[in-house]
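There is one chain below, alone, in C-alpha cells, taken in the form predicted on its own.
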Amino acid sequence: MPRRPPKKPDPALDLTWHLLALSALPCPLTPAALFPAAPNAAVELEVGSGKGLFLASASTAAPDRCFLGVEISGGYARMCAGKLARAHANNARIIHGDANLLVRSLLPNACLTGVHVYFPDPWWKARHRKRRVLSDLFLQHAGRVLAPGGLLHIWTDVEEYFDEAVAAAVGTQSFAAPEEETVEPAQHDLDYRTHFERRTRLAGEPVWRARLKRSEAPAAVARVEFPENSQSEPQSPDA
C-alpha cells in the first residue's frame, strides 16, 4: 500500500531553524555547531525521521540532549520540521538529504552519542538490497561517528534484516555484543518511537530491537571525502 502524501506544515510556521538542506551544510560538519545554545550537549542522530515522532518526543523528554534527524523525502522533512517548530523544540533539527552521504562524508569521528535507525525500508527484491541503509559500509561509519560508549539502536519488523544488520555491526569490531531493548506498554496513542512502530505493535506483529554500544576500538574506516556535486538533493525541501 503506497504511503499517503505527507501533510504540509502550516505556511505560517517559520521552518528556518528546524529544516536544513544537506547541500547547504559545511563539510566536515560538527553536529554541536548546529546547536549553539547548547554547545556541550550530547547529540544523537536519527536516520530516516519520517513524520518526526521520535525527534519530537525525544527532544521533549530529554531537553539536556540535542537531536538531529535526516530524511531523504522533502515532503516528510518539511512535515517533521513543522512538528518541531510547533513544539518550539530548539534542541532538535531535521536535515533533508541522503543519510549515507551525511554519515560517510560530513560527520567527523566520535561526534555523536547515539544513532537511531527505526524500521528502515527492507528493500525486499534481491536487486534492490544494495539500497538498504543498514549496509556494511554504513555500519562501519556508524561506528566511526559514534563516541566510545555511544549507542546504535536498530529496530525493525523484518527478522532477516535485523539478524543481518546486527551481525554486520558486530563484524565491524566497533561494537560490543548487542543487547535487547525492551519497551513498556504504551501509555497513550503516541507513546511509540515512530508511527510505524505504533501501527506494527497495535497489529500484534513482532518487532526486533537491539542496541549496540560503541567500543574503544579505533574506527574501522576513515571519513570519505565528499565527491564533487554529490550534495545535490533528490527532491527539493519545498516538494
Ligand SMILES: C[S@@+](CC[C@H](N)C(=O)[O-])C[C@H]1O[C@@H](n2cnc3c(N)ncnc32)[C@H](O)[C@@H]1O
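Numbering starts at 1 and runs along the sequence shown. Note that the structure is predicted; figures quoted are calculated from it, not measured.
Separately, the form predicted in complex with the named molecule exists; it is not shown, and the next lines address it.
Within this chain, L68 is remote from the site of the named molecule in the predicted complex, having no heavy atom within 4.5 Å.
When contacts are judged by a 4.5 Å heavy atom cut-off, R209 does not count as touching the named molecule in the predicted complex. In the predicted complex, the named molecule stays beyond 4.5 Å of every heavy atom belonging to P178.
Among heavy atoms of F196, some come within 4.5 Å of the named molecule in the predicted complex. Only one of 82 to 90, 163 to 171, 111 to 119, 139 to 147 lies within 4.5 Å of the named molecule in the predicted complex by heavy atoms, and it is 111 to 119.
Residues from 29 to 54 that approach the named molecule in the predicted complex with a non-hydrogen atom closer than or equal to 4.5 Å are E46, G48, S49, G50, in the order they occur in the chain.
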